[in-house]
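Below, in structure tokens: the form predicted alone, a single chain.
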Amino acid sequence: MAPPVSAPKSASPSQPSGKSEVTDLKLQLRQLAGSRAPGADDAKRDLFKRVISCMTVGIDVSPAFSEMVMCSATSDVVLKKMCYLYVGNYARCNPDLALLTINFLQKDCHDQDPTIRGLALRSLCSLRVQNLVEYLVAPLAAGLKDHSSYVRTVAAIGVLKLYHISATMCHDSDFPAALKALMLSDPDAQVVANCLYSLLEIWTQEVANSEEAAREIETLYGKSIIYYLLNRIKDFSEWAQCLVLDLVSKYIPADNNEIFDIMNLLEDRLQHANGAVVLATINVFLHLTMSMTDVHQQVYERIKAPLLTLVGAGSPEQSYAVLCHLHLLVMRAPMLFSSDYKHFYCQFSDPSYVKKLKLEMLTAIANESNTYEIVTELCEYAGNVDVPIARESIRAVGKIALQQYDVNAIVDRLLQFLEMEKDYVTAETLVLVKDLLRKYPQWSHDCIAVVGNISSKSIQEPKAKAALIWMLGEYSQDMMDAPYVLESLVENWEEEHSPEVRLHLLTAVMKCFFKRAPETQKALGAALAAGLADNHQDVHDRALFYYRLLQYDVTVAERVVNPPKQAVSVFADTQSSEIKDRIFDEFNSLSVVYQKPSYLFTDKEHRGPFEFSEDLSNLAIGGDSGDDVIHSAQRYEENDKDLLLSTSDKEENGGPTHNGSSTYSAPSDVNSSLTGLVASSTSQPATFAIDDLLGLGVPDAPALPPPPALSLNAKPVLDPGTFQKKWGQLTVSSSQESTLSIQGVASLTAPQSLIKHMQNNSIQCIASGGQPPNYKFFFFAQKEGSSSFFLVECIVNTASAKAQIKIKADDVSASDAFASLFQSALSNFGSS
């Protein structure tokens, strides 16, 4: 018996020496190739580990490819795994080497050990070499029929890999049909899940080009398959359960009884230990009951306990993800969570990002019954050593004050913050006091008494200084030192680097001038002179505007700059309701964590239902056939970062206007010009054109005659290149929201159904895409007897039964008539 062969080990296998190491490995592998001596497999393992180590640190070990393949003739599963890892790494970048692996991989696909068969099939499909596709068909077909569930599981995903390499070969081999049959008959739950995943991805890719794929997608969302998967949901893994639940969330039940059946079937999933399964189940409950107001509210009550349990269990990262979903629900129904406010108190061990989110939620659920307890807790955080959290807690107190009617205790707490003698606390509080006075001017006496004791020199933050200056100008009649404080700020104009502060200073000095003119005349002259010589365009323009306004008439200037104060009832929300609804539609996704719709943070190639390519050159256009279904293999991507922002808005806010460095030359003596203005400040105003701008008596405009009826060309012709060019050049003439009928929502299972309907109304589709519940279309129409075109972007959400419509037109005067025609056609969808 031959002695066992042992391979010499390097001193440090984790730090290979380079080319000499690779050469040494190659020689030792060649010696062991084909050896059946005892201990040969152990020696191979050591060598394979060294090869993988070299490959991991970036050393090229491809010269040993043939030796590695020769050593793969073994029944050792560990050796097989390492060999397959090595082969898969180098076969992708060197297709010629991949040819050497085909024989032994195909041979391993028929091995007696199902583990080796599955590993070999997975490695074979992972080569992803175009000219080796023909070698994948037979092993995949055999793998789908293998008696081992592991091999069938691998084969189901292998079909998807084949589709990405060659979709034609996949369809020619009829693998999608085989996957569907296997999904409906296989006893193993993981095989069913893999088949479902592969079919969803394949048919989603094909739905824009194939009516058959659209029908298959519709079948997947059908009642029989949905109930088949739901009845087996307990057998699935956690990942597979999430996949099935996501499918169920897009299912449209026939009636309310079916909704209750599904919810009863999934009730126990709310107690699952995995947070992803719980969130996926909640997503199903919320979307199924969207049209049932009372039941929808009961769902909120039912899901509170599971979500709050998940927040307290698991890692901070999981808690944050669950809190983000809770935050979304709290913003939609704050009253339902008002009694659970203690769950959102910050813990000492919470990370800063969790604390910040909890503060936002405490702000949202505060009401008359819990305000005192919440504000008391937030005040404790104001002295936190974590400065950002202390700032956020102060802002939270201010937000609560702005949304409550009884603010006595809250105002007292805010004014106490000003006595803490901490710079960041004072800065944040000043900003909040300013907003508070804008909404509750009756509190000005108490607030000004405290604010008047604060020195402007101790405030360094621009927003806080701007807030203090605003109060000095707005309440200068109640603050004895206001003109002199403003004068000292004007004297230090050059030292103030924030344009925001300089703008507020100009306005504050103007307001103070109208109330205490003799004391402020000198400061106003200096402020206007400094503003006119300022390099910042906004500051310069405001100073010039004030100067010319004063020259024209002091009384008018006072009416413009210092009109009677009106309390601000509601402060603008930072997010529109449309954005929030779209985030809610993407519940249980990163959109909730990022607090923005997916199309705002995903790459163009991964935008799902909002994925449209920038090139329309490959679109199929049916200019001569009005009955043909028009859809695109490519998708159109509008060059808008925000689909909700109209083109006209973007053009208005597109960027700064560069006016060079030239500045307006101030008059030689601004103060002398103001002397006469002080004397004439009591003169009676004349009638000005500016009155019309301020809405001081503008007569109502006569009613416009109704637009003439619009007729459309039944067979318009527009090529993709022209469409794309027009879309980039034209501005949005109409932006509307339309509601689909229940029949329309039920009919929109694939883009083709709506496309056919709009064609019957002389409106053609040039591009479409998406999957339930979101679809996106680009339509066009032509005015009868004219060369004028109407271009339409239509984003449809079947979950909310809403359609966002954006219209661009060559003839803007006919835009409203076309918008009415388009909305009429859309509202009639599904009724015939």
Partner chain sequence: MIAQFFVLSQRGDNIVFRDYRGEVAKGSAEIFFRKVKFWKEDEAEEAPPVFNVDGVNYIHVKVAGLFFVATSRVNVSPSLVLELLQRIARVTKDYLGVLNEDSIRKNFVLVYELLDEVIDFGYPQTTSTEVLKSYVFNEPIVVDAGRLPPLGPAAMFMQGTKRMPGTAVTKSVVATEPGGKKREEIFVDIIEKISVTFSSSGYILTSEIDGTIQMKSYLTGNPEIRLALNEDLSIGRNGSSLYDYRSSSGSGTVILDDCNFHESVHLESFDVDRTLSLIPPDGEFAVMNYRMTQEFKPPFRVTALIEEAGSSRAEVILKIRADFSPNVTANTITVQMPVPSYTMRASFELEAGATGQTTDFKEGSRRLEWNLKKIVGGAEHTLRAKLTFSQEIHGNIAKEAGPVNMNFTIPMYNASKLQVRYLQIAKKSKTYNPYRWVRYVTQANSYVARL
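For the two forms, the rigid core is made up of the largest set of C-alpha atoms that agree within 1.5 Å on superposition. On a predicted model such as this, the values are computed, not experimentally measured, just so you know. Positions refer to the first chain, counted from 1.
Here the subject shifts to the form predicted in complex with its partner chain, a form of this protein not shown in this document.
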query: Residue (of Leu503, Val560, Cys242, Val431) lying close to its partner chain in the predicted bound form, criterion heavy atoms within 4.5 Å; finding: Cys242
query: Option touching its partner chain, based on a heavy atom within 4.5 Å in the predicted bound form, out of Val593, Ala567, Ala167, Leu99; finding: Val593
query: Interface stretch in the predicted bound form with its partner chain - options 542-550, 177-185, 74-82, 491-499, non-hydrogen atom within 4.5 Å; finding: 74-82
query: Pro95: touches its partner chain in the predicted bound form, heavy atom cutoff 4.5 angstroms; finding: no
query: Gln782: touches its partner chain in the predicted bound form, heavy atom cutoff 4.5 angstroms; finding: no
query: Contact test in the predicted bound form: Ser598 vs its partner chain, heavy atoms, 4.5 Å; finding: yes
query: 4.5 Å heavy atom contact, Ile52 and its partner chain in the predicted bound form; finding: yes
query: Contact set, 128-146 vs its partner chain in the predicted bound form - heavy atom within 4.5 angstroms; finding: Arg128
query: Is_shifted Asp435 between the shown form and the other one (CA, 2 Å cut-off, rigid core); finding: no
query: Core-aligned C-alpha movement of Ser488 between the shown form and the other one reaching 2 Å; finding: no
query: Large Cα shift (2 Å or above) at Ser456 between the shown form and the other one, core-fitted; finding: no
